[in-house]
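In structure tokens, one chain follows: the form predicted alone.
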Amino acid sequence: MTQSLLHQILDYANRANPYPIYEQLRKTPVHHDDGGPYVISTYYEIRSLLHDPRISSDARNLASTAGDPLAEPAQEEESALPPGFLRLDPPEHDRLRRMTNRPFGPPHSPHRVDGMRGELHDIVSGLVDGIGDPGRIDLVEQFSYPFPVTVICRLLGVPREDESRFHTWADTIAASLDPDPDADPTERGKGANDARMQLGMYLAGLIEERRKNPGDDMLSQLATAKGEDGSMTTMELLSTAALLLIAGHETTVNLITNGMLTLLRHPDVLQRLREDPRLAVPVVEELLRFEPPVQLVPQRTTLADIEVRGVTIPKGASLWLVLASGNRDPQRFEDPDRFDPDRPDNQHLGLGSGIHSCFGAPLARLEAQFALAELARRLENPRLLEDPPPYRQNAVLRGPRHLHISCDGIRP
């Protein structure tokens, strides 16, 4: 039964609505099939393991990837660069995360994200202005895809004239994260690695330039920092910048797209948001619970035998933590399948938890709040042209590949 449920999660036929499968998973909080990963699906157990130092994010600690259907794509993803800090354990993880956070957030840079509010508003407004024909809009292509990568470029200090190159690389690398049964895996892998190599070479040149002529952008500060943790090597800088670009971009695309899809399915909430933009804050929090952009965290590894709900998970085992299932756990959330922005005590798992909680969470939240509030305000009578929309292949980073909508017009 466990194996069939895992195949159902990965089966594209269930991408539009995986939640009934997660409900089945929760009946056995620790699922395991011989040779496969241990799958954890209930809220309190997932949260506990996310905080457990006996759980490793470093794939080198995995005894075997045999039987784990997500092992190979995860390894391919970073083949051109060393692992980013997301894939490392303490103390390496802690050192790199501290160094990356210095120019990004409190206590050293408390105004970095908040200071981008004006720029975020301008980017969002410009994208809505450029939508064109209101009768057929692809929200992904025209809005939620270009928005986050533009923001990451501005954050890192990529020159405006080079942003289009970043868009192209991001598109290619992001597409490689989706398994495609019809594509030639060799050609597909070559295209993604070529894009990573070009991205790496571009970033290396930009880093060298920033070391000579630093600005006030984040990449300049990372390249010239000499704090208590020392300085990042060029390779550490490359992997960190690539991580910020890909991880930050992909999750935010899904958050915005899933968000607009959910609002269009709940027109009463959309109307409330149109009338009161401040509702964007609880709306985004509930979206992170209800339709999280990262559905599950695969390829965690046990560094010791760990008992979970009476089941002993052996050292070296592969672990899947199904965040989206935990977010719908009725033992934690009342009426969990209802979208409710007024939900109290919404301590969801949509951005993870523990030492690997989403690094860019403050920025992702702000981007989604600006995006959804502006779309609600400016699109007149928006409606879905197809429901469900076509989804991406990826079961981990789940979101529509296209979201075709129409509206009666676009307000100024």
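For every residue, the number given is its place in the sequence shown, counted from 1. What you are looking at is a predicted structure, and each value in this text was computed from that prediction instead of being measured.
Although it is not shown, the form predicted together with a small molecule is what the next lines describe.
With a 4.5 Å cutoff on heavy atoms, residue 83 does not count as touching the small molecule in the predicted bound form; it lies far away. The closest non-hydrogen atom of residue 241 lies beyond 4.5 Å of the small molecule in the predicted bound form.
At least one heavy atom of residue 359 is located within 4.5 Å of the small molecule in the predicted bound form. Looking at residue 103, you'd find every heavy atom of it more than 4.5 angstroms from the small molecule in the predicted bound form. Only one of 35 to 43, 382 to 390, 348 to 356, 369 to 377 places residue heavy atoms within 4.5 angstroms of the small molecule in the predicted bound form, namely 348 to 356.
Exactly one listed residue, out of 203, 255, 124, 263, brings a non-hydrogen atom to within 4.5 Å of the small molecule in the predicted bound form: 255.
The contact residue chosen from 144, 251, 318, 325 relative to the small molecule in the predicted bound form is 251, the criterion being a non-hydrogen atom within 4.5 angstroms.
Candidate site formed by 9, 289 and 396: none of these residues places a non-hydrogen atom within 4.5 angstroms of the small molecule in the predicted bound form.
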